[in-house]
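Okay, here we've got a single chain as structure tokens, the form predicted on its own, with questions on binding and movement later.
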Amino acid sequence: METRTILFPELVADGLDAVEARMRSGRLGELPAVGDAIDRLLDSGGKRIRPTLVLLSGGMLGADPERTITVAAAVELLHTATLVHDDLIDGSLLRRGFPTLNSHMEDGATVLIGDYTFARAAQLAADTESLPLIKKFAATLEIIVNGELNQLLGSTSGDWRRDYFDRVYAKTGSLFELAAESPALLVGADPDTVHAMTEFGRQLGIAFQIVDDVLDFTGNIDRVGKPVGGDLRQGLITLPTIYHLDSNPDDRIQIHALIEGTLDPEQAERIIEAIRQSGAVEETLQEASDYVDSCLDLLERFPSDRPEQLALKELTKYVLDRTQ
């Protein structure tokens, strides 16, 4: 008999519907404008990768489905809150083709709605009544905010690669880590299992962000939603640029000028195109592939007869293969 390939979106469809409902429930005493704003944030969607990771990890580890749904909602609301603040700090007017809150609200109101969303996420985490999970949630929030502060205040070590991976962990890896580790904490798993899920989530999140940073150079502007090389134009050094400079150190002066906003626009286009056409993109994708391979190895310790284990493998490969 031919084995049917498991499609992870199919496996979590009902669970994600429940997550959406959980994110929108239990909001007491909201002003209508606040509720409407949060609903618009949630309606803008995204692929819901993080709650999918929670649901699949919970299924694989045998966590209680209701508590798993609550954690998945908490993780996605935490992610949503960080995006509200990111958009305000960056001055972004669109996200996924939808107007950001700061595009039509005062800065103070935008900050407070982000704060309120953080609070809703924390309440959901507390609803699990799992002290280890609540502690993990709080630690993750601290990591994310500290990473944002370091980026905003220009704190660097002088080592672009080290700074990049510190930023990637704070921005993305820590939240994926929370998503994968939380179900293990819910079931009181042994330390080796918790560690395996922690590492799986951390490395998957890093791979996800590396691919995002490649798409910043190679993606279609209509899909990515910003100009090609948008991060570099905003002064953010990502892994493709670092690899490019390893092979083309003479471009360092121009890239510094681009970061500082003093490079002629035509020269800026040339240096971005040089990065696109160099071997930097392939080297960066290879590094992401190495993280993905490590994630797949970590999953081998879990029973392969569980559909969620197979689906997690599929999700892991999707992180590398996605094109937007």
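For clarity, every value in this text was computed on a predicted model and none was experimentally measured. All residue numbers are counted from 1 along the displayed sequence.
Below, we turn to the form predicted in complex with a further copy of the same chain, even though it does not appear here.
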Contact check for 105, 118 and 153 against a further copy of the same chain in the predicted bound form, heavy atom at 4.5 Å: yes
Partner contact for residue 123 in the predicted bound form: a further copy of the same chain, 4.5 angstroms, heavy atom: yes
Distance check, residue 149 to a further copy of the same chain in the predicted bound form, heavy atom within 4.5 Å: yes
Exercise: residue 34 in contact with a further copy of the same chain in the predicted bound form, heavy atom 4.5 Å: yes
In the predicted bound form, residue 236 touching a further copy of the same chain (heavy atom, 4.5 Å): no
In the predicted bound form, the one of 199, 142, 246, 163 near a further copy of the same chain [non-hydrogen atom within 4.5 angstroms]: 142
In the predicted bound form, segment of 247-255, 133-141, 184-192, 206-214 with a heavy atom within 4.5 Å of a further copy of the same chain: 133-141
Those residues of 280-310 which, in the predicted bound form, come within 4.5 Å of a further copy of the same chain by heavy atom: none
